[in-house]
Every structure is written in structure tokens, then in C-alpha cells.
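Okay, so here's just one chain, in C-alpha cells, the form predicted alone.
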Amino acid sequence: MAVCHYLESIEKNKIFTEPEKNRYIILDTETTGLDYKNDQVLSIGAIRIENLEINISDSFEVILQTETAGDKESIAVHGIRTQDVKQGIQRDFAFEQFLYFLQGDIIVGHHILFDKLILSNNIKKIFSIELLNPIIDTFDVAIYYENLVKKRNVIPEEANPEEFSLDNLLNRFRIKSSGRHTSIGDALLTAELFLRMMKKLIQQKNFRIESLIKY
């Protein structure tokens, strides 16, 4: 049922050239590692944006059941312990609820392609489908912002990763970075960052949101 509902939402979803008409899911995951083909999603945090406003009450947060939270290096980053994931929500139920929440909305996040790929690979092992949602990477939005609003000429392939890291961008836009390195905390901070940039960008006559959307 969840898969059918999700696929119907994807089919019906339309991408509008007016940014305020689109719905966005700001998403972050914590994982056992950085190998999207073999590592597992430990937690998902997601918040919906409608009319370019964050709707805190329309959010999703879950810790998924696994046997391990990863190696010491991974645990040091996300802070999720093995005893936490052993008591997590069963993976099939968690992904089912996630697909219901996600629908056909545009997924937004920082370096979001990794999150989409690892979620797709994890979900595919249970439901034999991949995530089909379009994505917007706030890393790309930040470079676009610098070029359009600040009149710079930053070439995406040559951009300094440190300059456009999430921590640096939060600091630059004076967003207090409390809750970092939890999936729901990073999703909320990324949502604030996305809106700060988007509300400046839509004032620019040459702004085209479709140039930021990838499939």
C-alpha cells in the first residue's frame, strides 16, 4: 500500500517554476558509514516546507532497527549507540512510514545525493523500488547564490568544499547550529539555510529554480 501510494504521488507531482508553489522535504540521514551500496541508514530526519515556510508539525523522525551503529568513527559523528539501533523501529515499517511522508515532493539537503542513494539502496532491499524524487542540493544552491546575488564567478567543480560546508554556511547566514549531527537537527538547520538563500534568490529576476533541480 505504501509503495503504491508513493508511486502515485511521484506520477502526479508537478514541478513549478514558481518556487513557492513547490513542496520540499528537507532531509538528513545518519548511517553506519559512507558506502551507500553496503552501509545502512540508522536514522532519518525530515521536515516539510510549503509556501516557503517550515512546518515543524509536519516532520518525520525515526531510528531504524539494525544490529550495529557502525564503527567507532561513525558513532563518534552521529552519537547513535548500538543499543539504540537494536531498539529501533523495524526497518520495513519505518521505510513504509517514510514513503507515506515523503510522497512526490522535492528532496532538499546538503550533499543530498548521498542520502538519496543510500536510502534508495536500503529501501530497494525491502520494497524493490528506488527513490524517484527530484533533489536540490544546498551545496549547489549556495554556489548559485554566490554567483547570482554576490556577483561572483564560482565554478561548481572548482568550489572550495570547506567554504561551502554546512557549518560555514550556517555561520555565514548567522544560523545558530544547535542540534548538529542528529538527522532531525541537521534537517531543521538545512531547512533554515535553504529558506534564507531561496528568499534572496527569488528577488533576482534571472533566478530559475529548475536549474537547481536534479533527477
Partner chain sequence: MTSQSLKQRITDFLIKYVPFSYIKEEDLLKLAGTCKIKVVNQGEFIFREGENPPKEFYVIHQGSVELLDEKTNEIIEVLEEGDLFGIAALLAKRSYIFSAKATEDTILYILSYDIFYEYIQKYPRVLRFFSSGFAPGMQQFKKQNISFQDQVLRTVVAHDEVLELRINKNVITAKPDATVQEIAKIMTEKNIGSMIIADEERRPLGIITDSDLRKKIATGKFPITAKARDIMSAPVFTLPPEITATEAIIQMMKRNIRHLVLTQDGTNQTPIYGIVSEHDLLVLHGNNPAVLVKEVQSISSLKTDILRIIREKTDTLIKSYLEQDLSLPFITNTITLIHDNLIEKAIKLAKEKLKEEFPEYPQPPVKFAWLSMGSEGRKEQTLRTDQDNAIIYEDPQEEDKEKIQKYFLRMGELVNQFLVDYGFSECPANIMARNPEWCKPVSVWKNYFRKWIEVPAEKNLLNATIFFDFRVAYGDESLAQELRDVIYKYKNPFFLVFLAKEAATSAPPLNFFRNFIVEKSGEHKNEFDLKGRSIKPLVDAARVLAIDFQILEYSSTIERYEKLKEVDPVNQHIYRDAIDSFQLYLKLRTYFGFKNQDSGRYIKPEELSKLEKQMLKNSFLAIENIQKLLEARYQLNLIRE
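This structure is a prediction, so every number in the text was calculated from the model and none was measured. Numbering follows the first chain given and starts at 1.
There is also a form predicted in complex with the partner chain; it is not shown, and the following applies to it.
*Asks:* Residue-level question: is Thr68 within 4.5 Å of the partner chain in the predicted complex, judged on heavy atoms?
*Replies:* It does not: once the partner chain is placed as it appears in the predicted complex, Thr68 has no heavy atom within 4.5 Å of it.
*Asks:* Can Leu169 be called a contact residue for the partner chain in the predicted complex at 4.5 Å between heavy atoms?
*Replies:* Heavy-atom contact with the partner chain at 4.5 Å: absent for Leu169.
*Asks:* Report whether the minimum heavy atom distance between Phe60 and the partner chain in the predicted complex is within 4.5 Å.
*Replies:* Taking the distances in the predicted complex, the answer for Phe60 is yes, it comes within 4.5 Å of the partner chain.
*Asks:* Applying a 4.5 Å heavy atom distance criterion, does Glu163 contact the partner chain in the predicted complex?
*Replies:* No, no contact at 4.5 Å.
*Asks:* Looking at 79 to 87, 136 to 144, 97 to 105, 123 to 131, which stretch has residues with any non-hydrogen atom within 4.5 Å of the partner chain in the predicted complex?
*Replies:* It is the stretch 97 to 105.
*Asks:* Heavy atom within 4.5 Å of the partner chain in the predicted complex: which residues of 197 to 215 meet that condition, in order?
*Replies:* Those in contact are Lys199, Lys200, Gln203.
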